[in-house]
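Only one chain is included here, represented as structure tokens and corresponding to the form predicted on its own.
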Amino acid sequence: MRIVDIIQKKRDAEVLSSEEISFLLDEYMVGNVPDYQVSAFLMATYFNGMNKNELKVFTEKMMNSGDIIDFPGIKKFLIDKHSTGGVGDKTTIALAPIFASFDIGTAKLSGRGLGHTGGTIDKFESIVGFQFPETKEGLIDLVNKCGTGIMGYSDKIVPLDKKLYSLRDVTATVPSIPLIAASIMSKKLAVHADGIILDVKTGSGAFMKSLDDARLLAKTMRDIGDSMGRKVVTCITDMDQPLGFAVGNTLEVIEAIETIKGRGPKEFSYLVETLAAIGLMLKGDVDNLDKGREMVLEIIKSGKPVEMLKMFIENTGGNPKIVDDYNLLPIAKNKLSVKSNNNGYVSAIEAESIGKSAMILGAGRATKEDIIDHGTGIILHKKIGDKVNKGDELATIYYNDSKNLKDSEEMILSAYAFSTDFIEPRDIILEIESV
């Protein structure tokens, strides 16, 4: 078997056998296949895709390239909720303690932010002293103690994905739906969960800009899960404007806490309630989403999710008092009000521009080496459909360094579009499949 023959078959849109895919990836992992040949294979895949069996084998090889995390002895129903990334997406921070309140464990790997989207790890690290577990033993212990088990990606888990992604990044093959799906699902499947909920974002602030692409990615990931006997639910959700009002690490932590206290932004609260209801359906506690949402609203009223979040923070080295006293969190010392130059109804907010305007303040990373300033960010005061008069406050910028302040302000202003007619906001949840 020759590597060049495998590349040629994929170039010519022929179907690869399981043995051919396994041979290519096994040989690459041990250093017997050079990067330039794998790059050629990735480009051929970008143009010709993969069928279901090819994708199953490809994903399995990635999944099994490192450690598999199981949770022996844990009686909790385990759920891994994954988002494809967006601006202001702090969902896990609110959702995990709600799950824990129903004795549902969160078992997942989370990443750091890069570019205009934020990472769950960075947001939690706004809490002084907070440290995620670095070993699977630590993750298991955390799930046992407080129901929420989150850790950063490790070189020991799906190392093949890291090798392949570094090549995709420099060969313009990142936007390949089969490769995206395999990358996401290999990491989901490497950590045991009884159910997987995939929040696929679509819109100006998402990786999938069109609804059709989001649908295709969602279906591809469901197919992988089905082929491996895993329960997978996909939700396609709106990212044509930032999620909630807060963009930036500390600010998002505060908004997530306010949400589990029953005081969160309407559309973000509805998303969290729906995802939690899906979790209850997967577990078998309810048979429809409406009943699930009712249970979620009741548990929020009880205050139990707040207590579960405090327990999680305490068990990860942070100060649980931050949940009741936000002054204990790092918040930027300066604020700037961004005021509208227009009259009308907000018709659009370019979410990616808002994300980038927060990033250049220090809330995100342009490169992997950049240092996060957790206290910086943006609070939006107007969303799609809101009436605005000239001089009204659109947003507040939180900053420590004024170096990029003017650029950030201009990016926010340019992100807003206005109409003389009322604009009906798009629903936050566009589609749900496989509940």
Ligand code: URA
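Note that this is a predicted model, so its numbers are computed, not measured. The first residue of the sequence shown is number 1, and the count goes up from there.
This next part talks about the form predicted in complex with the ligand, which is not shown.
- Checking 177-185, 129-137, 68-76, 320-328 against the ligand in the predicted complex, the stretch whose residues place heavy atoms within 4.5 Å of it is 177-185.
- A heavy atom within 4.5 Å of the ligand in the predicted complex is found for one listed residue only; from 123, 168, 356, 81, this is 168.
- Proximity of residue 345 to the ligand in the predicted complex falls outside the 4.5 Å heavy atom cutoff.
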